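Quick setup: the C-alpha cells below cover two forms of a single protein chain, split into structure 1 and structure 2.
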Structure 1
C-alpha cells in the first residue's frame, strides 16, 4: 500500500498570512479563547501557553483570534484538490491528509512527479504550499512529509522505512506528551533508539501501546486508509449592509436562506442544518442541528431556526448569516392512514360486529400499552378486544 501524506505546516498561521500578507514578516500567534492553538516558528515557544503567558513570553508577536470558518473552508478546498489526484483521501487534521496513490505511478514519470502534482493541486486550490511524503504506510508518509520544507517531497522506497526513520525524533509518534516525555526519560530520543530494542522490552515497559510503539519506530504500520465518503452539501449566506444585533433581522435573513436552500433541495431531504453568524468572516456563533429524521419540511426548519435565534444573546454585532444543509438524501416516504375514507371505516366496524355475533367472542384485538418502561417485553403491552 503506497500512501501519500500532504501536510501544510503551521496551517492556521499559513492561512492567516495568506489572508493578510502584512503578517508574513512578523512573529504570529493564533489563539482561540484563552489558549494558543498555533504559532509561527519565531514564536514557537508559545504554543503550549495561555494567551496571557504567550504575550509575556513573546511581547513583539502579533496575536490573531482563530477564524474557524476560514480554516474549515481552506481544509475542504485542500481535500477536494487532493481528491482530483487520488479519489481515496483521509482527512487527518486541518492542513493534513492521506491519499492512496497505489497504481497512480504509471501516470507520472516517478513518485516525485506525483508529489509535485499533489503540491500544485493544493497550491492552486488554496494558495498554500504543502510538503508531501510517499511511503508504505501512513506513519512513514507522515514522517516524510513533515521532514521536508513546504513545496518539497520526501519519497521512501519500499523496504527502506526503518533506515529512513532511524534518526527521526520521537515527537513524530502519534502518542500523547506523557509517552514522549517517558521516552525521553528513558534516553530514547530517536525512533532508531526504540527500534533497536527487543519488541518484548518495549511491550513490558509501555503495556498495550508498546507493540504499536515499537512497530511504528521500525517502520511497520498496518493501519488502513479510511477515505472520507463523498457528501453533498448545500450552503447559502446573506450579508447585511451594516452589522446587526437584532434577532428579528437574523430570523428574517435565516428564512430567506432556507427558502433558497429548499429550492435547491428539489424535494429531497437533509439530515443536518448548520447555522452560523459571522462578523468580518469570523464565527461569532454557530449551532449544528441534527434532525431526528431527514426532512425537507420548511416549516419545521424555520421553527428550529426561530427557536435558536429568537432568544440569542450575541457578544457582538454580526454582518453575515450562513446556513448549510448536509446529509442530503432522497425524499422520504410519508406514512398515510390506511383507511382515510369514513365509509370504509363504517364497513370495517360492521364486519367486526358481525364476526363477534357469529362466533360469540371477540375476533379482532388491538394492542394497548400497559407498562412501556418494563424490563420484560411481554409486560409492556396487552391485547384487548377491539370495540367496534
Structure 2
C-alpha cells in the first residue's frame, strides 16, 4: 500500500486569503458561531478559544466568519484535481485527502515527481499550495505531508517509517487532547519514545487504544484507503439583482431552478435535494432534503420546496438561491392505479358488462396472486375476469 497525503495547512485561512489578498499580511482568525475554527500562525494562540476570548487575546487580528459553502467548493475542486492524478481518493477533512498511488510510480521519474504533479494539480484547480507526503500507510503519509512546507514533498521509503517518525511530536497522533496530555505527563514527547516501549506496556497503560497508539508510533498503519465513490450531482443557482427577503420570490426562483434541473435530469431520479440561500456567496440558510424514495417528479419537489421556504424567517436578505440534486439514479416508474377515480367505477363496471355481453366472454381481467412464492413463474398469478 503506497499512500499519498495531500494537505493544505490552515485550509480555511488559506481560502480566505485567496479570496481577499488584503488579508495575506494580517493575523487572521476564522470563526463559526462563537468558536474559533482556524487561525493564521501569527494568531495561533486563539485556535482553542471562543470568539470573545480570541478578540481579547489577539485584538489586532482580523476576524472572518467561516464560509462553509466556499470551503466545500474549494475542497471539491481539490479532490477532483487529485483524482486526475490517482483515481482512488479519500477525503479526510476540508483541505486534506489521501490517494492510493501504488502503481503510479512508473508514470513519473520518482515519487518526488509524483508529489510535484499532485501539488501542481491542486494549485491549478484551487490556487492554493498543498504539501504532500508519500509513505506506506495513511498516518505516516499524513505525518510526512504536515512536516513539510506547502509546495514541498515528504517521501518516506518503505521500511523506514519508524526511523522517520522517531523524533516527531506526539501531537501528530490522531487522538484527543486528553490522550496527548497523558502521554506528555508520562514524559512520552516523541513518537520514538512510544515505539521504544514494549507494546504490552502501552496497551496496559492506555487500554483499547494502546495497540493503535503503539502501532502508529511504530509506523504500522493497516487502515485501508476508503476512496469516495464518484457521484453525479446537478446544481443550478439564480442570483437576484437586489437582495430579497420575501419568501414568494424565493419560491419562484426555486421553481425556476427545479424546472432547469428536471430538464437536465432527463427522466432519471434524485435521492436528495440540497437547498441553499446565500448572501455575498455566504450561506444564510441551507437544508438537505432526503426524499422518502428517489423521485423525478417536479410537482413533488416543488411541494417540498414551497413547504420549506414559505414559512422561513430569514435573519437577513439573500441574493442567491441554489439547488443541488444528488443521488442521481435510473428512471423509475411508479405503478398508478388503473381506476383511480372511484366516481367512475359504476360507469366502468357497466362498460365491462356490455363488453362481455357483446363478445360473450370476459374481455377485462385483473391479476390475482395464487402462489406468489412458487419457483415456477406461471404458477404465481392468474388473470381473472374483472367482474368475477
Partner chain sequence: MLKAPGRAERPGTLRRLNAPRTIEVRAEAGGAPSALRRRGRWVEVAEVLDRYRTDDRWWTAEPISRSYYALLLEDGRAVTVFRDEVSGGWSEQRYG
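Positions refer to the first chain, counted from 1. Take the two forms, superpose them, and find the largest set of C-alpha atoms that agree within 1.5 Å; that set is the rigid core. Worth saying up front: this structure is predicted, and the values here are computed from it rather than measured.
Name the structure that matches the description of the form predicted in complex with the partner chain.
-> Form predicted in complex with the partner chain: structure 2.
Just checking, between the two structures and with the core aligned, does residue 18 shift 2 Å or more at the CA?
-> No, because once the rigid core is superposed, the C-alpha of residue 18 moves less than 2 Å between the two structures.
How much does the C-alpha of residue 366 shift between the two structures, in angstrom, given a rigid core superposition?
-> Here residue 366 registers a C-alpha shift of 14.7 Å.
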